[in-house]
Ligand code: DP6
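Let's start with one chain on its own, the form predicted alone, as structure tokens.
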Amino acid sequence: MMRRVITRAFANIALCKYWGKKSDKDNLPATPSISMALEELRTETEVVRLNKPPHRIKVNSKRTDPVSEARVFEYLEYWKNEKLISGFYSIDTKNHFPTKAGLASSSSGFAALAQALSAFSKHKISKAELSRLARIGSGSAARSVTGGLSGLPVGRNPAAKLIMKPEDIPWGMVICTVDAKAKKVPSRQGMQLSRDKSPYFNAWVIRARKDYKLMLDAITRLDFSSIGRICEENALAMHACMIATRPSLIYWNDVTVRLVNAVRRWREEGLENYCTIDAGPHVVILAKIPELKKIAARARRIKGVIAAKKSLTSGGASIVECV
């Protein structure tokens, strides 16, 4: 009987954003999304089967907050209710980047956890089904299961699909960290607030679905300029929906604005790059691989930037060790 499993997954940054739920039941997204999993956003999770209750949850070797703990407990019960696993587990997740700060740590966290739980299951779980199961924990985790450049459509029970393998992707990202603190309004809560309280939510959903189709076409043609433009415009449209939410969801700070303006200035000067921002203050810059080092160096010189790391695309969730 399996006793211990270690898995690895990578957080993904969306080129077309997932923001909003069609239904809280089964965590169904209201918007289709496309993302890149990044090598620099790595999560490693160790899951050990326990002889007796209760479950034990740690993040970065410390007991997590009650809300996050309850979310993971609920997720484990989902697997048990689906008769995929039984028993009790100790879970220790280590994020090698800021947690709950707007860099999609839940995407790699739940992808790594789903991959680990699949090793304890008596049922053979396909990659598509594993993506669906990861989505129950975190919508964006569905894309971290498949890794690379992946898309998550909308539908009755969607799974992520690999669009491009990491080795075929000729661009990467620079991750600009501006604040490592946990955000006050988690993404899941923020999505619910936007859906219920933003006058722009329906317009955002229409825009996001159009952007998804345009992005798929641009990727097929490897049209980097169109990919970057759609990516940046999509992120700004999502934040417009957030800002219009009542109470307003403003995840940016002054350093975020400086970075957005810098990206535009560099582009005007002939350095092609585009920015995207998840539900947090950090800015991620999309560029062709040969330009990443130059952009990272420039970003580090901006006041308030804690770190600027270049990253290539990573693969999907995987099992590192089984005992």
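Residue indices: 1-based, along the sequence shown. Predicted model, so just to flag it, every value in this text is computed and none were measured.
Beyond the structure shown, there is the form predicted in complex with the ligand, which is absent from this document and is the topic of what follows.
- Within 4.5 Å of the ligand in the predicted complex, all of 14, 27 and 278 (non-hydrogen atom): Yes, the whole trio is in contact, each within 4.5 Å by some heavy atom.
- Pick from 93, 150, 138, 194: which residue has any heavy atom within 4.5 angstroms of the ligand in the predicted complex? Residue within 4.5 Å of the partner: 138.
- Query: For the chain shown here without its partner, which stretch in 181-189, 157-165, 122-130, 210-218 has non-hydrogen atoms within 4.5 angstroms of the ligand in the predicted complex?
  - Reply: Stretch with heavy atoms near the partner: 181-189.
- Query: Going by a heavy atom distance of 4.5 Å, is residue 21 a contact of the ligand in the predicted complex?
  - Reply: Residue 21 belongs to the contact set for the ligand.
- Item | Close approach of residue 238 to the ligand in the predicted complex, 4.5 Å, heavy atom | Residue 238: yes, in contact with the ligand in the predicted complex.
- Task: Mark residue 106 yes when one of its heavy atoms lies within 4.5 Å of a heavy atom of the ligand in the predicted complex, and no otherwise.
- Result: Residue-level check for residue 106: yes, a contact with the ligand.
- Just to confirm, residue 80 within 4.5 Å of the ligand in the predicted complex by heavy atoms? Contact check for residue 80: no, nothing within 4.5 Å of the ligand in the predicted complex.
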